[in-house]
Structures are given as C-alpha cells and as structure tokens.
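Shown here is one chain on its own, the form predicted alone, set out as structure tokens.
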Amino acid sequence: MMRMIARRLVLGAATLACVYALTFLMVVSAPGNPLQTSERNLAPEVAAALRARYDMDHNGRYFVQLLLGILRLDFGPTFQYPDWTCNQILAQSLPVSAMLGLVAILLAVVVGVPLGAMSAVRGRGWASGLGLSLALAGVCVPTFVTGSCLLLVFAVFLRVAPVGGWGTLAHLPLPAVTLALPFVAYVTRLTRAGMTEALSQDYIRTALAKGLPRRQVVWKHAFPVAFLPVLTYLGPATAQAMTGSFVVEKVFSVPGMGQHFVNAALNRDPGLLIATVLVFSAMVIAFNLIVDGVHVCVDPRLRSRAA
C-alpha cells in the first residue's frame, strides 16, 4: 500500500511538472500582452520596467523564476489585480469553490446512487423512468439554462432565495443544485449500469436460490460491486466540482476560482492562469490517489497488487 502511494506521488509530481511546462508554453505563445490590456494602458517605459523586473522578455529565465516560486508554494504577482498576489486570490476563492463543489458532489451521491440502484432493481417501474429521465436531462440541459430557470422560479417569482452573491447559507442551495445536476446524471447512470450488471451475476442468483432475503442480496452483495465504477468517477468529478464551474459562478455571482481562471485567460495574466491550472491538476491527482486507496481497501483483489 505504501509503495503504491509513493509511486503515485512520484508520478503525480512528474505530471504536475509536465502540466506546468505545457501551460507555460501555451501562455507565452498566445498573442497579447498582460501589461497592455483594455483596462490597463501603461506608459511604454513603465511596461518595459515591469517586463525587465519579471524577466518577461527572456522566456527561459521567466520559466525558471516561476518554477522556483511554485516550489516554494509562491505563485508570484498577478497583473490583473495589482494590489493582490496569486496566493491571496487563491486563498480567497478556493474555499468558496471547494464548499460549493463538495456540496454538489454530496448531493450527486445522495440523490444519484439510490435513484440509480432503484431504477436497476425495479426494472421498468416509475423509478427506472425517473432515473433515466433525470440522467438524460442532467446531461443534455446546460448549467446556465438550469441556473437561470432556478433563479427565475425561486429568486424572482417565489422570492425564497437571494438572486446572487455569496456570504450566507442562503446563497448556497441554488448554485449547488445547478452544479450538482450533471454529476447526479452521471452517478445515476453509472449506478444503474453497475447494479444491472451485478444483479445478473451467478453469485447473486445463487444467493437468491439459497433463500436469502432479496433486500440483503441487493444491498450487501450486489451494491458494493456496483458502487466501484461510481467510486472511480468521484475522484476527477470531485476535483472538477471543487475547482468550480465558471458558468455557475457567473450566473450566481459566486466569487470562486472559475471566474478568476477565465479572467486570467482573457487578460493574459500568466501567473494567475498557471496557478489555477496547477491547483486544478493537483486536486485531480490528489483525489484520484484517494480513490485508488479506497479501491484497494474495498476490493480484496487489489490488495495483493498494491502490496
């Protein structure tokens, strides 16, 4: 187990290094100047002084300078917000996106897993139709449409929720539900497919033939096997949800990482753009590692391989 974790940590560090190199290459290759934007029009001598200060005219030295700062967990300055550093922006926006994402994933598991399991167990009943309809709607309907409809119904017509913003628990339900719906759809589909396959196995028919109660066979014998694909999906899904969705954050005016990522790309802000990409990549690697560890603990077949 420890050997597997150490190997994954080394591979994760190498992956982050490749992500940094590729992101830096795309940032410096993109047209535009972070010091000259529509909101900022610096004098030529001021822009030249700033470029010289951060070695922006020498991509090699700028690459090394950013890398050394990242190794110290210091992402450096941001040209978009002159009075802020990238670390300060991440410290302010990451908890917001993390809370929103964790609530969305929790809703996806709480709603999607029982709905998918019931739709598989009950066959062509109402639960199966509801599960398939919800999965289809969650995949097909864009989040900006869902968010706008929820705002109109609950904030404008019923007036039981705030229109937007962040700071109280009342601001959380609408963006969390909007962000959770696509994940609910995928969790429902994965659970239904896993339960359908598990219930068709020989050991399930043998357990039923021995006279075991159907509820016990379904939830004690079939469900743990059916939940493994969902567990695999939850790793990258949690990282994706926690880093925020810029569409949901834009619709509900949530000050999360998604908006900063989009603004950094539009304003050619290299430090903030690289910082958000690396944070997202690190979270994907971390949650995949956690999922792999849980897989080893749940599935006895994997314990001998991880030893």
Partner chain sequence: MSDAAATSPSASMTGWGRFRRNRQACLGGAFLLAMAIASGVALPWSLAWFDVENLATGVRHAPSVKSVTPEEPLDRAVGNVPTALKPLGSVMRGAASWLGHDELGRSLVFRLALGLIVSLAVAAGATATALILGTLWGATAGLLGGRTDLLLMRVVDVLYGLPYILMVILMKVALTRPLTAALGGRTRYADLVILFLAIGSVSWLTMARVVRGLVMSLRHEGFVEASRAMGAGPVWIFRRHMLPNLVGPVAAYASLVVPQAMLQEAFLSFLGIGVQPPLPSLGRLAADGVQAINPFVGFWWLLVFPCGLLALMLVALNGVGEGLREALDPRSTRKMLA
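In this text the structure is predicted, and so the values were computed from the model without any measurement. Residue numbers count along the first chain shown, from 1.
One more form of this protein exists, namely the form predicted in complex with the partner chain; it is left out here, but the text below deals with it.
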Exercise for review: With heavy atoms only and a cut-off of 4.5 Å, decide whether V160 touches the partner chain in the predicted bound form.
Suggested key: no
Check your understanding: Counting only non-hydrogen atoms and a 4.5 angstroms cut-off, does A91 reach the partner chain in the predicted bound form?
Key -> no
Check your understanding: Might L9 be said to contact the partner chain in the predicted bound form, defining contact as any heavy atom within 4.5 Å?
Key -> no
Review point. So in the predicted bound form, does A241 come within 4.5 Å of the partner chain, heavy atom to heavy atom?
Key: no
Practice item. Mind telling me which stretch in 143-151, 215-223, 172-180, 70-78 gets its heavy atoms within 4.5 Å of the partner chain in the predicted bound form? Key: 143-151
Check your understanding: Check V19, V251 and V277: does every one of them have a heavy atom within 4.5 Å of the partner chain in the predicted bound form?
Key -> yes
**Study point:** Members of 257-275 lying within 4.5 angstroms of the partner chain, judged by heavy atom, in the predicted bound form
**Key:** F261, V262, A265, L266, R268, L273
